[in-house]
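For reference, the chain that follows is the form predicted alone, supplied as structure tokens.
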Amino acid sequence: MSKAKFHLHPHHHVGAVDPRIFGGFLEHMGRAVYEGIYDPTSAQADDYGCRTDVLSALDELDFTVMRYPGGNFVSNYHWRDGVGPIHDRPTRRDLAWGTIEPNTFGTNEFLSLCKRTGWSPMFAVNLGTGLPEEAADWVEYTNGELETDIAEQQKVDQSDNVSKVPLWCLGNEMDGPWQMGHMPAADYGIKARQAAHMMKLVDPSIELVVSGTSLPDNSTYLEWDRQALEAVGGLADYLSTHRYLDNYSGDTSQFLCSGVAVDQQIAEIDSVCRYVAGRRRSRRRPFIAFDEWNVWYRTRNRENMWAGGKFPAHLVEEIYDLQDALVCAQFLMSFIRNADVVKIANIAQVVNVIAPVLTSGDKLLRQTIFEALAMFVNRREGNSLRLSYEGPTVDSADFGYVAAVDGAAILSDNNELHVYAVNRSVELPLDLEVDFSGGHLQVVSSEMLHHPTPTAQNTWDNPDAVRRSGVEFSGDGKSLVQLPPNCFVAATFKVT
């Protein structure tokens, strides 16, 4: 059997892993909110109209920050439509996805949900059809402490004491021609800076995310990011970037190597952040918010992305398989490896819409990607370690020779080592050795996600086809595990 090795050293830190990289995204799209998170007619509904089964499943994934309310949706969303008495709220046409928005779930419903779940709210403001003043007023509504009419109205509207919103996105994908209010980078930069200035005057403590390139294939990639960052200047805390990986070709071997594209994108976006900080002669640099990421291709078409007036509509309800889960694991491993620059990340989305959880009536299904995400829970606090790989490679037409085993590692303050590994090979089983310099490793917990067929799915008829299981490590001090093809392993060791 072929062998591979991870070489790790306790002092070779990349940086502290920001817990916000384990974030989610809830957009008013398809059945993410209505019939997803919020469904007062369901037998599973709680006193707030939210589905307890969905919230229980999402609690297993322990999301830290939750982005809201969009997405493309936000570029024609006016937050005042979603506050005040529900019976007085207007029903609007949603131009992003071709449906309607009843506004029965809005700002205070979401903030109340965040309080109950422990999610830290992350709002995106409308810089498409909206104005900077509207964005500043929203900050006043959620965070304001002066006795203004807007802040006082929030006190009247809310049903319980909700927390402030610490993190705000200055629009969404404004570089994309599909976006309502799409504009050149120079124009966006002016509008974003105006909004940022006003928003931080209302609450100087908030952090702001500049809308960066939505697709690396866009002709303005990196140049848009540079212009937008330079325009917003010192008011920018983060620069957003998005990525959806796909397997349109049906080539599993190629698909399992595509995780390297995430590392490349991070390096390129980081270079822009450093360049702009250098041009400004500033020691304060913006970091990366990878605030949309996932695998998406089966339903990425007009038929599945346009509701045609239906509400709620079944939009982009991807059914995931094992290979999708292995690529999702590689996204998170990349964020861990780049902990010094990636501070926020949000899987898009959390329920029904390209999500780890699906609902059908009062039933719920945990998808394969749910299993992969769950393997990071309780294994994500500490410092990311630089990982040196020794072993075989996989030849990929698009990415060249790629390490057969993708990996990441975190060393916690209490001397626990968390290690993640994906065997990218579709044919080659491997013996993986974890070599931790200067310490002996004792297994605390370990699990594997695997199926002999990489296209295996969890379905309504067979919901447990792809599930995590235990896996054994061997070796004295240096841990060894057998990796079958198409698998993801996560383990925690005590370092002695």
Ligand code: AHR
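Just so it is clear, the model here is predicted, and its values are computed rather than measured. Residue numbers run from 1 along the displayed sequence.
Although it is not shown, the form predicted in complex with alpha-L-arabinofuranose (AHR) is what the next lines describe.
Participant: Any chance Phe25 has a heavy atom within 4.5 Å of alpha-L-arabinofuranose (AHR) in the predicted bound form?
Facilitator: Answer yes; at least one heavy atom of Phe25 falls within 4.5 Å of alpha-L-arabinofuranose (AHR) in the predicted bound form.
Participant: Would you please decide whether Asn103 lies within 4.5 angstroms of alpha-L-arabinofuranose (AHR) in the predicted bound form, comparing each non-hydrogen atom pair?
Facilitator: Heavy-atom contact with alpha-L-arabinofuranose (AHR) at 4.5 Å: absent for Asn103.
Participant: Would you classify Asn72 as touching alpha-L-arabinofuranose (AHR) in the predicted bound form, given a 4.5 Å non-hydrogen atom cut-off?
Facilitator: Yes, contact at 4.5 Å.
Participant: Taking heavy atoms only, is Tyr320 within 4.5 angstroms of alpha-L-arabinofuranose (AHR) in the predicted bound form?
Facilitator: Tyr320: no, not in contact with alpha-L-arabinofuranose (AHR) in the predicted bound form.
Participant: Exactly one residue in Glu109, Asp94, Glu292, Asp237 has a non-hydrogen atom within 4.5 Å of alpha-L-arabinofuranose (AHR) in the predicted bound form; which is it?
Facilitator: Contact with alpha-L-arabinofuranose (AHR) in the predicted bound form is made by Glu292 alone.
Participant: What is the one choice in Gln349, Gln330, Thr241, Thr142 with a heavy atom within 4.5 Å of alpha-L-arabinofuranose (AHR) in the predicted bound form?
Facilitator: Residue within 4.5 Å of the partner: Gln349.
Participant: Would you confirm whether the three residues Ser334, Met375 and Phe493 all fall within 4.5 Å of alpha-L-arabinofuranose (AHR) in the predicted bound form, going by non-hydrogen atoms?
Facilitator: No, none of the three is in contact.
Participant: Where does alpha-L-arabinofuranose (AHR) sit in the predicted bound form: which of 447-455, 46-54, 433-441, 25-33, heavy atoms within 4.5 Å?
Facilitator: Going through the listed ranges, the match is 25-33.
Participant: With the partner left out here, which residues of 167-186 have a non-hydrogen atom within 4.5 Å of alpha-L-arabinofuranose (AHR) in the predicted bound form?
Facilitator: The stretch touches the partner through Asn172, Glu173, Trp178.
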